[in-house]
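A single chain comes next, written as structure tokens; it is the form predicted alone.
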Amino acid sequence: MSSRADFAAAADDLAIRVLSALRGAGDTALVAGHIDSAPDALAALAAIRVIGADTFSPYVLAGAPFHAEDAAAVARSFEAFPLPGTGPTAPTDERTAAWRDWATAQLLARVGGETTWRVDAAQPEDDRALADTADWQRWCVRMAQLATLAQPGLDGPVHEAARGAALPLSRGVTRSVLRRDFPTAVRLIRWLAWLDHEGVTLPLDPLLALEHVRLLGGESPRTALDLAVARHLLEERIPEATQEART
């Protein structure tokens, strides 16, 4: 039986593979390779759901190829584990997981190669908490959990909420840095980087915040991937196919 440590190690392995591809290393089927080389196939499939839409970052941000066997591997991860609840009474953590699955499914359908892969991962219904930033500390915690949605080519209620909340997000970055909660800080910086890419005026310079977190926060595989995605959004030219694709 897979342990929590197995799942964490598998997620780190996939993050490293995605980060390597985002940096331009190799031209292999990174997701399929992740599963084929894993000592625990179930944990490897779970890792795909954890990394979520970031699995597609090399394609979305750098124009790297996304192979048909990679698309098949992502589809398998949805077959291996049930979808979370999306209804109005579903717990917040399930609705957050559902948003992440929705983003992954959207990108899978778009870049699945010659075979069109479809996963029935619906948006959560009536998620009013997304627009309520009165308790901005709690709201920022949830937006950090949704950071994999901060990708070009994705758009929906989560993104609309972010567009109207540059100040709460900036406050969340500052609070997280002061608390030395660098993983949360960099995930919120991702949202600021996405807003900057969208042309939204920000009260905080995301590039300076990114460099500060990079210097002080260390680089676990998943934090390193968050940093790389944010830097691409701030500094790199995003492929035109990604720019034009909106949900």
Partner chain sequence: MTVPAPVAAAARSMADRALSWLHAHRALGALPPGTTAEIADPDGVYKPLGETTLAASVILRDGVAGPGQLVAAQSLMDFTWEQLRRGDMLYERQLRHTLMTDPLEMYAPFARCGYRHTDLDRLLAHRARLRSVDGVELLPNRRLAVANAARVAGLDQDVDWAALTRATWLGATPEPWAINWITAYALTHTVFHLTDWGARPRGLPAALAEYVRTWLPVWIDIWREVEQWDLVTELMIVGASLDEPYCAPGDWEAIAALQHEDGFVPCDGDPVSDDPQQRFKDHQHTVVVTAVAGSVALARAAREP
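These numbers were taken from a predicted model, which means no experiment stands behind them. Numbering follows the first chain given and starts at 1.
The same protein also has a form predicted in complex with its partner chain, omitted here; what follows describes it.
Within 4.5 Å of some heavy atom of its partner chain in the predicted complex lies at least one heavy atom of A209. Contact annotation: V200 falls outside 4.5 Å of its partner chain in the predicted complex, judged by heavy atom distances. Interface residue remark: V177 is counted as part of the site for its partner chain in the predicted complex, having a heavy atom within 4.5 Å.
When its partner chain is considered in the predicted complex, S170 lines it closely, a heavy atom lying within 4.5 Å. In plain terms, the part of the chain that comes close to its partner chain in the predicted complex, with a heavy atom within 4.5 Å, is 131-139 out of 131-139, 118-126, 102-110, 155-163.
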